[in-house]
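A lone chain, given as structure tokens: the form predicted on its own.
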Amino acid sequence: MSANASSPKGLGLSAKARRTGQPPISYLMAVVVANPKLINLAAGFVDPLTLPVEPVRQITQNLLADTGRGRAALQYDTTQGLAGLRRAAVEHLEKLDGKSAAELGISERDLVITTGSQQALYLIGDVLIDPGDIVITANPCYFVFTGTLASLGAKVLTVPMDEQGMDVEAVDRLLARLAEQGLLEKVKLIYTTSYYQNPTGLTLSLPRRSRLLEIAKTFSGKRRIIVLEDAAYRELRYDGPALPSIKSFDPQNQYTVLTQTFSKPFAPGLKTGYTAMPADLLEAVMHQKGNHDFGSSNLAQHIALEAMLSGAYERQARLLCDSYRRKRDAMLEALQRHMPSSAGIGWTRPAGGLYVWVTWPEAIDTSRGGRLFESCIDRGVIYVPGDYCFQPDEKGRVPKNHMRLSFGQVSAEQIEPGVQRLAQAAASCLATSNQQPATSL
């Protein structure tokens, strides 16, 4: 046999596969696994000590003790998801928004249960986006979804953020420019994390919620522009007002999608999310999901339903808010106490969620290849480099003076030592850099 005949042949990967890169978080996870003594301020995981082991054990025992219920839970259900869970989710949204289902323009028929809200984001992108279509997001943004958009071939255009969240007037100006260029019909989605955004922890203000919907309606021509509202962190609220969803301003259920999850307020191991969307979009998503998995885990859906009906879900969400509030406060206090003074360093003060966003002087490179990152690893602490979360500007540049800190998985006792190590690394880098004022978001 010739050498050519025995050598392996290359795979004919699809264009989509070639567009799909390795998620940047994979490297950070590998670093943590290789060095378990690192204080992990990078992971967006939930606190393992607060996972509802006993409530889920009791729910599962009750389910399986009843042969009929156990058989139902262990059988397939529909692609759309368990009807009882969809009803319970609608009732839950009624409570969160303070409006009836009729006022919200939704019923259980308008919801789909997915394998986490991440699957919903993927499926919605998959049914709406052709290569070259446009999605508008904030900059910075949830980088896992922007990775999905890159895989789908979308062109991601961005607007800045400030303390009130996504700059919706910048969205208005961007859409106006696209209209002048004849590109408006390419715009399929406006994506926003409306509560306690990943990565900044910032929340879209109340006036901007209704205004963003108004802008989407105004620029919808032959095709509707959909506002995709990612509310994964909605129920992790520690202070401040309970804001209504963008969805609640769309009583005809035409222009908005609201996706929520059981992962952050209950338990990520259930891998169960629920999404409300317009009927025509739901039909397309259902066709795609049917080809993916015939429906998400039925046992997980039965557990989630029982958690909601029994009150275990509500109790767990309250417990998590109490725990995370203390850890958020500990991180903010540690930053205030240990960060070098008069160095032009600033950070967000989130009212909920799992993240604090730190902005450094431009002379400090927080990227994976920068001195600060290596110095932090040497000192036993890790963070998410902020450049992972940005889309390039017109010249292909991304800011490299930001970082995301998470207080989700790290124990309360490790927060201050972790921030102290970070501050020590920062002081070392600042000592050899020209100090410049921190840039805004």
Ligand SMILES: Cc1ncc(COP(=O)(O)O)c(C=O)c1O
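In this text, residue numbers run from 1 along the sequence as written. Keep in mind that this is a model prediction, so the values were computed, not measured.
Keep in mind that the form predicted together with the ligand is not shown, yet the notes after this line are about it.
Contact check for G125: no non-hydrogen atom falls within 4.5 Å of the ligand in the predicted bound form. Using a 4.5 angstroms limit between non-hydrogen atoms, S296 is distant from the ligand in the predicted bound form. Of the heavy atoms in Y142, some are within 4.5 Å of the ligand in the predicted bound form. Interface membership of K264, defined by any non-hydrogen atom within 4.5 Å of the ligand in the predicted bound form, is confirmed. The contact with the ligand in the predicted bound form, taken as any heavy atom within 4.5 Å, belongs to T193 out of T193, T200, T366, T275. A single residue from the set N253, T348, Q316, S117 has any heavy atom within 4.5 angstroms of the ligand in the predicted bound form; that residue is S117. In short, of 322 to 330, 231 to 239, 93 to 101, 200 to 208 it is 231 to 239 that has heavy atoms within 4.5 Å of the ligand in the predicted bound form.
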